[in-house]
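The chain below stands alone and is given in structure tokens; this is the form predicted on its own.
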Amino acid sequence: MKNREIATVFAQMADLMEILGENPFRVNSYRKSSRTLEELTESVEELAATDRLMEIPGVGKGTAEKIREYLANGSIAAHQELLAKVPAGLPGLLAVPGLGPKTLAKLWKQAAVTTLEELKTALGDPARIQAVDGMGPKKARQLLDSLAFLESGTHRIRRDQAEALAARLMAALCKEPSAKKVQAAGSLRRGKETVGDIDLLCQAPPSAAQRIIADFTTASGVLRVLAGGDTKGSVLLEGDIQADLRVVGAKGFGAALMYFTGSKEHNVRLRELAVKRGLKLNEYGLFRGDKMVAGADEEGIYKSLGLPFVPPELREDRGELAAAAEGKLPALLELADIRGDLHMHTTASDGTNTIEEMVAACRARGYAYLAICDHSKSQVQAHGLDEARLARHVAEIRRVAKKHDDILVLAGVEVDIFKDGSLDFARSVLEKLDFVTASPHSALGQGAAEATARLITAIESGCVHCIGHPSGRLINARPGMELDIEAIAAAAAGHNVALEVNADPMRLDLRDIHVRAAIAAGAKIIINTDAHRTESLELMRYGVSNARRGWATRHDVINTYPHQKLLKWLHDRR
């Protein structure tokens, strides 16, 4: 689908217009169109062909015309005109975490910064950088740190991006009737937040292997074939991501799946266990001498090693094999355990759907409850609610709630946590709400001590139920705040405040290791999608997977509670 391509163009148009100081209304309009297209599940090609583009929320006549223009020409004239108004290297600088269009415009106009090298030079020159409005030594240091973060990262993409690439390849393989199983392996199967390359396995007889490899190397999205043998293929995909396929027979499929799922460290531990039992484990099977003991499935291999099955998310050599040997592996949280979503947005702030539409979407998912948590007033760019608008919004939520006796609809807010830990609304305002998520959105360059104290202050306020996306990170874009998670979790546990696992694959915040630390400290977590449209409720699975990597069970997660237990927790919080 062209959805993502057009969304990227619209996002850049918004950035360029903001750099050039154009009408903020138009800037926000393009940003909203970009987000809508990014999250749209139906292809714009189909919508255009059936003259339904203007049914997309936020897409008017002008935007629809630009979508059609891109579909016809592969570009948009207005986009090219905007690009022509700025130096060629300028838009690329927006990839630097923490460098937004407004700051970039000042650096360009006041310090002649147009390239990455010029940015580095300017940031290292105190006199030059202080001539830029709003720039000082602290901001310069933050941007230098962001440059280091950007340049030090290996070439990895987010899990959801890797899934989309893998799905395209797997669809091509599944067309072959002899392909009995097609399975992703590697870090993608383990549910890691980023993926360096894509590993796929296909179970099929040897007679079909060459046809399957041919399907793989000619699949949609393949830019270049790196190798194509009798049972193995390797290709380069968009974004310079490598994908590898191995065709394996049924007898050894489980062993190959285990080997290529990893992690490397987990596999080393398994091989050590095998040696102690007089066995040999490799990608072809588990052997005693020349005789295969197990290999058709992973369960059989673990069983032959005297262990229960270890879920892929735990295979990181973080004590999972010792726990398995002692019968202490946790019964990991399942997606089916989730009974509600307690952080979502509506058209009242920067969401795409109405209260009624979000409620209907949650009912369709079988949820027992939900909380509407639109932004607070300091989030001006997100059309955050002031006290008067919040009061009217809450009244509307309660009106809608009364219409549904099969789902609990909570009136909430996502209130900003300021850098000193104070909140965007007074206690008297927050106490009138059913559910309060408090989140950091600004001053995300704070040091660990400041950031930790900031969140603990919010936790101790007495009017917060949940700390939303605690570090404020954006994967591959912004590192977020460094936190003393043990101290934060201890405070959360002591004040009966939950910590959010934000399920958006751009965030996954808390990260997996922080989930485990939080649980160990006695804190409860809540997994929320932070959905800004109904389709984004589907992101819950990423949050569940991330929590599983943190060894979470359903008993650790507030939104697995039945309706009445949730109400009791809310009451006790008061």
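Every value quoted in this text rests on a predicted model; they were computed, and no experiment measured them. The first residue of the shown sequence is 1; numbering continues from there.
Absent from the display: the form predicted together with a small molecule. The rest refers to it.
task: Could you confirm whether S187 comes within 4.5 Å of the small molecule in the predicted bound form, counting heavy atoms only?
output: Contact check for S187: yes, within 4.5 Å of the small molecule in the predicted bound form.
query: So, in the predicted bound form, is V195 in contact with the small molecule at a 4.5 angstroms heavy atom limit?
result: Flag for V195 set to yes.
task: State yes or no: in the predicted bound form, is some non-hydrogen atom of R271 no more than 4.5 angstroms from a non-hydrogen atom of the small molecule?
output: Close contact exists here: in the predicted bound form, R271 approaches the small molecule to within 4.5 Å, heavy atoms only.
- prompt: Would S471 count as touching the small molecule in the predicted bound form under a 4.5 Å heavy atom rule?
  reply: Although the small molecule is absent here, S471 would stay clear of it in the predicted bound form, with no heavy atoms inside 4.5 Å.
field: in the predicted bound form, the one of R168, R156, K106, R277 near the small molecule [non-hydrogen atom within 4.5 angstroms]
entry: Flagged contact: R156.
- request: Name the residue from F253, F260, F425, Y369 that puts a heavy atom within 4.5 Å of the small molecule in the predicted bound form.
  value: Selected residue: F260.
message: Looking at 85-93, 410-418, 233-241, 196-204, which stretch has residues with any non-hydrogen atom within 4.5 Å of the small molecule in the predicted bound form?
response: Going through the listed ranges, the match is 196-204.
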